[in-house]
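Encoded as structure tokens, the following chain is the form predicted alone, with no partner shown.
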Amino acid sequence: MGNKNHPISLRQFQAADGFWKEKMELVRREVIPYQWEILNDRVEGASPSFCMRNFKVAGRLMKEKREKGDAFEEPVYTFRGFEALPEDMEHLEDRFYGFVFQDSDFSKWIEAVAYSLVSHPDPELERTADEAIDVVCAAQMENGYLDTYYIINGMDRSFSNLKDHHELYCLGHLIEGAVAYYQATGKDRLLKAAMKFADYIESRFGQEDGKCKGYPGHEIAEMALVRLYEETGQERYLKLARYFIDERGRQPYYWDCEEEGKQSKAAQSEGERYQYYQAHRPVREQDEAVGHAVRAVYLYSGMADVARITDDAQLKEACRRLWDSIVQEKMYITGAIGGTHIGESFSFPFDLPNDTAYAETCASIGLMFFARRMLEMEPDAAYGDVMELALYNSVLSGMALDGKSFFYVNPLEVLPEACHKDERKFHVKPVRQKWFGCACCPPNLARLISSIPTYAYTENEDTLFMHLHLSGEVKKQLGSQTASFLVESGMPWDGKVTITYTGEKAAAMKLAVRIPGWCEHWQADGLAKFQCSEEKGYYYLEGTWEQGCQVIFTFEMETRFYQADDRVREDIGKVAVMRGPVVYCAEEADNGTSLHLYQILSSSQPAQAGEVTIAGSHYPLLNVSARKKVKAEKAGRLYTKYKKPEYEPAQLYMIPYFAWANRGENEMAVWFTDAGMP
């Protein structure tokens, strides 16, 4: 059944003090409780969620049906979103409010709760979660269907618009949350509800006669069904995941047939369409990442899962091609993806504008999903490098340092005035928002950060892989024996990683440590007892580990200038600054206004200028030699005859990109013109 490499269980890792324990604790203490209040519309000034309210309304409808004991009469409501909302939340109609995928906010929240409970048992939080699950399960129909948009609005239109309505997307998130909660608590009520919904979907979709030949418009069900298969061992879930992947993009297009009401007799399609949905051609024939960026990486993650489990060589190769398309042509230096706000989509190759970037937080999270699954399929540090890059930059930038406001869009250059006055940049916000009507990103962040050890470490029968260098104790089961390692890491600020074997008994096994791609010089000490080798960016230590045995990796963490491929027109002649895995940016708060007048002197090595304190946290502050254009005297005309500009020496102070916009509205930039020699 292919490669058996898989993520460790959260129970195999206990975080130690350090960067990621602080972030996980922030999610546990602040983000999860805050988001629960949001889901119940109890945060003043935040966009309403309506998520739990929709479940309660649907639950009342189901209760009425059960009490009547007869056929459920479909209610007739208009399909509306946020238009004309009453000011008084207490007097809303009993109808669906919000976007068609509003249910998924609960599912992502419960998934984050589950991961938190594994690491930090909390009876009160678990009780709240159980009560929420009761509300959700009460809304489920007898046949297993569980999507409040249609339960409330009328089941006569269910599965009528797979392209744009998100029933299968909501199923996917429900499965993810249900499996996580079952694994965390052993409680299976939500898992049974998710399985019942999945079984209903399986009874309606597939190649068999009489079944719908459609597939999700917004992907995630594919990888969720694989997870359900791996948890339950039920082959029907893997079969359904593979069906969705195999059917996607075949011509004549299902969605053409759906729109024309000709599901039994397909209409002829002309040319390739549906690139936005990654359904323009069969997935095994796709070679460029196109369309909605989040949908794309969710699909590619499901493809990698199915390819790994079924050992499908053709599907694996498609995953590699699509990976290369993203990271070689369509990824920002921050690990962000999705260059245009039009459709939240990938643009054409090398089109990576900084000030109008969409770079959705969810897209970076989805890229991490894809990267980990590629690592499960084939350990290669190239995947780990991208996972680390996205994590420390475009993922973390999506949440304020206090965990109570969020970015949907993560640009690489911001002028606040433009955000307020230029319609082309209205999607860019100069400060994080309390919440969003379309709130996919905040709960996605919570579930990712709460489960970060499962991205840092994977394992197979005899090898433990360290993809990210997280501090804590990690365990691996070897038959009836438990091997354990204490990892002390200064990442992302310090490149020293100390690994000490803490198991009670000696263990014969391999440890594979990723050598970061940003590190040109490194060394390892304490290797005498091991047979060592390096393969695809991983350093393998094979031998017998005994208690107290210690290996120390030292990754030289230089501050470096980076340039983009010349085909990235927006960055030609410009440089960006990175220190280890962290991208740096300049903010008005440290440098004053008019950042566009600065030019970096790349001939001078950046220096650390102490620390900067932002929202109570301390980060290395970089001092970069620069020059600043002296503003010309106003001549009364917009354009004048060229005159060689004058510059004055300057220092450009830079902070970690993920920490920007925590000090109010101010300018920000990642890329600066290279002035070359002083």
Ligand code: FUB
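Small disclaimer: the values here were computed from a predicted structure and weren't measured. The first residue of the shown sequence is 1; numbering continues from there.
This protein has a second form, the form predicted in complex with the named molecule, left out of what is shown; the following refers to that one.
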Quiz item: Place the named molecule on this chain by superposition, using its pose in the model of the complex; is the pocket open, or blocked by 3 or more ligand atoms lying within 2.4 Å of backbone or C-beta atoms?
Solution: open
Quiz item: For the spot marked by V294, E344 and C440, is every residue within 4.5 Å of the named molecule in the model of the complex through some heavy atom?
Solution: yes
Quiz item: the named molecule isn't shown here, but in the model of the complex, which of 477-485, 330-338, 161-169, 515-523 has heavy atoms within 4.5 Å of it?
Solution: 161-169
Quiz prompt | in the model of the complex, the residue from F406, F101, W323, F205 that sits within 4.5 Å of the named molecule by heavy atoms | solution = F101
Quiz item: Which of these residues, R248, H218, H469, R447, gets a heavy atom within 4.5 Å of the named molecule in the model of the complex?
Solution: H218
Quiz item: So in the model of the complex, does any heavy atom of D147 sit within 4.5 Å of the named molecule?
Solution: no
Quiz item: Using heavy atoms and a 4.5 Å limit, would one call E360 a contact residue for the named molecule in the model of the complex?
Solution: yes
